[in-house]
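Single chain ahead, by itself, as structure tokens, in the form predicted on its own.
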Amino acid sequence: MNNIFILRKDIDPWIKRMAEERTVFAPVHEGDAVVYRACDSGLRVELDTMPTTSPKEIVFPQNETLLTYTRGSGNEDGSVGVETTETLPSGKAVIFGTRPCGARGLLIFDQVYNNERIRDAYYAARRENTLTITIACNRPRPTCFCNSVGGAPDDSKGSDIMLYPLDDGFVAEALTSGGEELLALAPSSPAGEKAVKAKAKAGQAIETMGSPMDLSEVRKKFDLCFTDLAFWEKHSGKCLSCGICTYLCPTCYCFNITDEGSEEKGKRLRSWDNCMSFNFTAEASGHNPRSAKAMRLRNRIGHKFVYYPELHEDRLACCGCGRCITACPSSVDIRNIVKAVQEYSHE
């Protein structure tokens, strides 16, 4: 499909047309934050600011009911049955206005929850019925480092449509058949020379980010500094273990399961969990293999830059969005920690 041009004033009509058949989630302002919300009438979609939250919450909700249960009446043999009902998600959705790092984060989830060996029915149902419309970044933030982890401000991986911004509108390009169907609903005109200008502008954005970090030695050096607790205590000293880094991260996918209700009736919930929390690895015996904050931070770095790549064909479990840096109340910078690992020596 050829590139088309969509005026900014035509974005809302386009969203309304998509919303006739799909729930459209788009970034909107709530206080000082920009968060994804279902596009109801009257919401102003934010097109120029990177969302505070990540799009993972749309396919992997912060809290979801997996099933409900009801205790049955007693049987003749004295046993009591329990009836369970799964609550699998239904319906189609669109993630509108994510950035390339957010779309890339969904690919990290796919390797864990929807692959040849494992298919999480809840995640897969949402993921397979969700299309992603991504806006290329013309002005990366100082905390962005996607160019260090294999991404770019105009990276199209994981997207169904790419939007390249100009002052008066967006050059749009469909990348999948689903994207073509959505783009056919947009009021548009041929992009012509605007396509060249918009894509060049997006491509130049990477030049403002500086040189990418050298990560070639991180996995080897991580093994060397693994047992150096003083090293990890130094870099975790400012951390409050609040977990905001994990909640905003597009690639963090850990969860906990709880049952709520009574013995007679209730529901089973899945909720995001936080590897920086003291209780994350606490065992029923009382033992906690990561009782120290330094150990938990070590695991967070190790998972993203060592363990996940070892399991998934050298892909990093970090998309370089910088949300963890921007939102950290004590200014912990993951880039500095990874750099310190890269430069680690026994001396």
Partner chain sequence: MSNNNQLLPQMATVIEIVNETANIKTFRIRLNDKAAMNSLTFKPGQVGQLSLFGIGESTFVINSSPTRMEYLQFSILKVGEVTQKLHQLKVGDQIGVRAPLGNAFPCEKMKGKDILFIGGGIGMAPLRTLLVYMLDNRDDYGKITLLYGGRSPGDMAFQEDLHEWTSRKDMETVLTIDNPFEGWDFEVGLIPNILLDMAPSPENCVAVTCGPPIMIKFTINALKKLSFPDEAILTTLERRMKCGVGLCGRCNIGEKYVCVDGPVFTWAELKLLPSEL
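Treat the numbers as computed from the prediction; the structure is a model and nothing was measured. Residue numbers count along the first chain shown, from 1.
From this point on, the text means the form predicted in complex with its partner chain, which you will not see here.
Exercise. Heavy atoms, 4.5 Å, its partner chain in the predicted bound form: which of 316 to 324, 47 to 55, 25 to 33, 288 to 296 makes the cut? Say which one.
Key: Single hit among the candidates: 288 to 296.
Quiz prompt | in the predicted bound form, His303 touching its partner chain (heavy atom, 4.5 Å) | solution = Output for His303 is yes: heavy atoms within 4.5 Å of its partner chain.
Exercise. Give a yes/no on whether Lys199 approaches its partner chain to within 4.5 Å in the predicted bound form, heavy atoms considered.
Key: Contact check for Lys199: no, nothing within 4.5 Å of its partner chain in the predicted bound form.
Quiz prompt | Tyr253: touches its partner chain in the predicted bound form, heavy atom cutoff 4.5 angstroms | solution = Yes.
Quiz prompt | Close approach of Glu310 to its partner chain in the predicted bound form, 4.5 Å, heavy atom | solution = Glu310: yes, in contact with its partner chain in the predicted bound form.
Quiz item: Just one of Lys194, Arg270, Arg127, Lys221 has a heavy atom within 4.5 angstroms of its partner chain in the predicted bound form, so which one?
Solution: Of the candidates Lys194, Arg270, Arg127, Lys221, Arg270 is the one lying within 4.5 Å of its partner chain in the predicted bound form.
Exercise. Give a yes or no on whether every one of Ala136, Ile206 and Val332 sits within 4.5 angstroms of its partner chain in the predicted bound form by heavy atom.
Key: So, no: the whole triplet misses its partner chain.
Quiz item: Who in 205 to 232 is close to its partner chain in the predicted bound form, meaning a heavy atom within 4.5 Å?
Solution: Counting only heavy atoms within 4.5 Å of its partner chain in the predicted bound form, the contacting residues of 205 to 232 are Phe226, Thr227.
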